[in-house]
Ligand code: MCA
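In the block that follows, a single chain appears as structure tokens, in the form predicted alone.
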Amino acid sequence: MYMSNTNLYSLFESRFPSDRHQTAFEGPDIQPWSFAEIISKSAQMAHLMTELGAKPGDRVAVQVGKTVEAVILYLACLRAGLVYLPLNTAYKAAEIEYFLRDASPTLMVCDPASLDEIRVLARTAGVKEVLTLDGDGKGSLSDRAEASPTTFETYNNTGEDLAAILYTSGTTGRSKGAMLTHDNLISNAKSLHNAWHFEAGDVLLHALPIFHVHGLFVALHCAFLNGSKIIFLTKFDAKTVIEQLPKATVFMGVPTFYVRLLADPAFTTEACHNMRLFTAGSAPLLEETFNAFSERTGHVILERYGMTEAGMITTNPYEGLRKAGTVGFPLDNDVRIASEGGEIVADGEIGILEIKGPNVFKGYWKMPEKTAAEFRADGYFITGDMCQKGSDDYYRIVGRSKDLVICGGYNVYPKEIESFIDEMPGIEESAVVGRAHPDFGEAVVAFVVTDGTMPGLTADDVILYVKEKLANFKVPKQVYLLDQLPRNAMGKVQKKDLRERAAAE
């Protein structure tokens, strides 16, 4: 079917089955949805948002549970030319307040349980209207959209128009809004659909969150481009995944999912007999998990590498050898490995991965200086990830040039947590590092120096303080109270020493 414009939704709709009554979504905890229902419901939501004053280019902030209605809301934003701004459901008030002030959304959609708190924050930030959507897909958004027409003329945007802003934690503690255009998302979706050999009859088993690149863009976009049915799980549960696998052909997960599946004796070769592809990303997959999975199921996990600013960048081959500890080959990007100063390093040497391509984001929202600093003069984006190209031409991510911790597939920047701990009464300073964790990949660990004004202060007090202010995946799993932090002659905190101590203990 001819696609009339470069709106991402128009591409999806052109790939939906010609029989619109085919099932688009089903699952053990949801009612089935047809493609026809997805089209009409997204039209109704698009009408409602425009009636409430949202114009093309305006932002819509969304912090809701995982429902099909939440996916439809995303599609409705695309159709209306609005910029979708998904927020992690674990974010607390202090985090939400920053996003609303920074992005200045016209509308906000939240869970009814947090409506009173969100309304106060939204009013201060100048948000026009707050709508609700609960874990069953009910709320003022769904109710009010019911009265709207079931057809909507999709906004005819340019490919350079923004489709979404995703916030990624900043090393300075200030989150950065990565601006992703329709062209960025279209190019990456097409590349993945092709690279992973999506075919007629594929069924995606979806267990990922949908506020994050992996679940929202990688998984859903591939399925939509293929006109595939999606078995939609509201959360990951190993038992449920194993029950649903025989009906699916594709599963995308984070390493934690695979660790938990392998811990269940019911996860067998027979359970996977209908499967075509398992992919892993969002955090490094341990070689022991990779090998154990292959031995148990006969399937080899396809590991790939990406980031918020560019979607997927490299992938192990669909046909050909998938190697443990590698992220394969460049997708549709130009890639190079360089020193901090920008000099290209020789093959086999470790440097910082730099990328260029149609999937690379437009820049950071309202941060022109930061954007300029992250790009080379010739247009390459500096990822900050340490990389090595082996003699076999496979790429390996070997570390991070920044202090990023990846916990359960989510990026955690120590500076953000440190800034909250340092505000706590009785605390002089803190340092946060990551420690290997068998389930989450890495766990957050904090080293804290007290100032003597609160003699009874304990490590548990620090954990509880952070838990009140930040999302749970950012909360330290362990806190050590120290007399002083280790420093070098220049006074810089030696995080390497702290990581070694955390690992040893």
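This is a predicted model, so every value here is computed, not measured. All residue numbers are counted from 1 along the displayed sequence.
Not on display, but discussed next: the form predicted together with methylmalonyl-coenzyme A.
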Check your understanding: in the predicted complex, does T256 have a heavy atom within 4.5 Å of methylmalonyl-coenzyme A?
Key -> yes
Review point. Could you tell me if S282 has a non-hydrogen atom within 4.5 Å of methylmalonyl-coenzyme A in the predicted complex?
Key: yes
Review point. With a 4.5 Å heavy atom cut-off, would you call H214 a contact of methylmalonyl-coenzyme A in the predicted complex?
Key: yes
Exercise for review: Decide whether V250 counts as a contact residue for methylmalonyl-coenzyme A in the predicted complex under a heavy atom distance cut-off of 4.5 Å.
Suggested key: no
Check your understanding: Which pick from G81, G137, G363, G409 sits with a heavy atom within 4.5 Å of methylmalonyl-coenzyme A in the predicted complex?
Key -> G409
Practice item. Name the single residue among Q388, T106, T308, S114 that comes within 4.5 Å of methylmalonyl-coenzyme A in the predicted complex, judging by heavy atoms. Key: T308
Study note, to complete from the structure: Of the candidate stretches 147-155, 115-123, 287-295, 204-212, the one with residues having heavy atoms within 4.5 Å of methylmalonyl-coenzyme A in the predicted complex is 204-212
Practice item. Can you work out whether methylmalonyl-coenzyme A is within 4.5 angstroms of a heavy atom in all three of F236, M312 and K467 in the predicted complex? Key: yes
Review point. Quick one: which residues from 468-484 get a non-hydrogen atom within 4.5 Å of methylmalonyl-coenzyme A in the predicted complex?
Key: N472, F473, K477
